[in-house]
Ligand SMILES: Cc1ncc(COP(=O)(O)O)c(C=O)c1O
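A single chain comes next, written as structure tokens; it is the form predicted on its own.
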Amino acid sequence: MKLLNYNSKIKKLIKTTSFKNIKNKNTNYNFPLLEDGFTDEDIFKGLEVLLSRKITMSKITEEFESKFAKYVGANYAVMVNSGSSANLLTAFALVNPIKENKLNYNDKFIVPAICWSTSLWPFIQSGLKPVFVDVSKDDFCIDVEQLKKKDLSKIKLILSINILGNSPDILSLQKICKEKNIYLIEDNCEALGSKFKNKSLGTFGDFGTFSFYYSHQITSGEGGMIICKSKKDYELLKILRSHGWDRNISSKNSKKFNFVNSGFNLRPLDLTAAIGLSQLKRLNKMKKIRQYNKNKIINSIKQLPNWNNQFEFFNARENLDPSWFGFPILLNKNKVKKKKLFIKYLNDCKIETRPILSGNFLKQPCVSLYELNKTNKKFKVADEIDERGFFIGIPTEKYSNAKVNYLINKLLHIDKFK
């Protein structure tokens, strides 16, 4: 690899650092959510930015935004410092005074009970009022069939979360929103690269948000992206991202510090943009490998003589080309009482586990703190996923037969718990 003209000490450091040795610290029997998320090329791209001594948001960020928008098929993309910030900016753009058809204080929005903290809170923080709904057992996403039966006359926004690479019945959801003049926001932080009928998830709504946190489909350590359709929304997002000034949009005003709106400081670094751009180039390859690994686990475990449907596995919606984020598992109902011991056992065996998103979010302490469920409404499917579900990671390097055999042997160990 061609190195830039840095001083000899830095050149020597780059040449002698063995990234392969770092990777090999993970034995064949470690199963973190993501093994080594960075290639040598990713690290070199980050180092190039660091060694340039110009790491703040600049040309590389703009290049990443442009190529990201092209990849997903969006008109515009705005990079921020996290997927959570992407949701925050989207929420505050929707209630902003210059937004056409802006949302107003206490307007209601629908959110699935299986959600992430910072999918929900930005919309509450912007003054909107949540209405929780249940999810579908088939895809863990918002149950569109239930929505069809609900009175949506007071709903102004629907937040759809594409969980672990899957999606709801997105075309039907899009149709509902268009017919009833409801904003559709796709939290696509866990589904970058997934396509429904050859159209990227995240592009069906008015805004789509993405995350580049570690273990996601691509990672820059931290980072996020928002996509939108109109130039007005694009410029509003850029203004809100950087203090409320018009510095980063086309403006005839020559004043450098011209504050035209409210704002935050949610800008990314060129450092993270460079790593994200490097990873975007091989996203399709990593997507295929994750799919390969998922299928290999399922096919291998179902061929064993001691397989008796101990688990239910997660399937892609029909017409969906999935980009898997993780490998979710639902315990058979007669195994649920063993879940706590089983999860501890897997983690002790270096098989890292996580709840599916945050489980049923209505069970989280903050819901009581802010009185978000005063009527103590129950959601049957969300409760079932919370009680029976967990997920493990899917690596971006192909599993060996030995490693898959180790994993499925540990999974089937559940039968040994009394």
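In this text, residue numbers run from 1 along the sequence as written. Worth saying up front: this structure is predicted, and the values here are computed from it rather than measured.
If you look for the form predicted together with this ligand, you will not find it shown, but the lines that follow are about it.
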Flag this candidate site as yes only if 61, 239 and 267 all have a heavy atom within 4.5 Å of this ligand in the predicted bound form; otherwise mark no. no
Of 199-207, 112-120, 171-179, 93-101, which is the one stretch near this ligand in the predicted bound form, taking non-hydrogen atoms within 4.5 angstroms as near? 112-120
Residue among 217, 272, 194, 84 with a heavy atom within 4.5 Å of this ligand in the predicted bound form: 84
Can you pick out, from 183, 76, 132, 213, the residue that has a heavy atom within 4.5 Å of this ligand in the predicted bound form? 213
Mark residue 190 yes when one of its heavy atoms lies within 4.5 Å of a heavy atom of this ligand in the predicted bound form, and no otherwise. yes
Check residue 357 for me: does it contact this ligand in the predicted bound form (non-hydrogen atoms, 4.5 angstroms)? yes
Residue-level contact is defined here as any heavy atom of the residue lying within 4.5 Å of this ligand in the predicted bound form; does residue 276 satisfy this criterion? no
Quick one: is residue 165 in contact with this ligand in the predicted bound form, heavy atoms, 4.5 Å cut-off? no
From first to last in sequence, which residues of 154-174 have any non-hydrogen atom within 4.5 angstroms of this ligand in the predicted bound form? 161
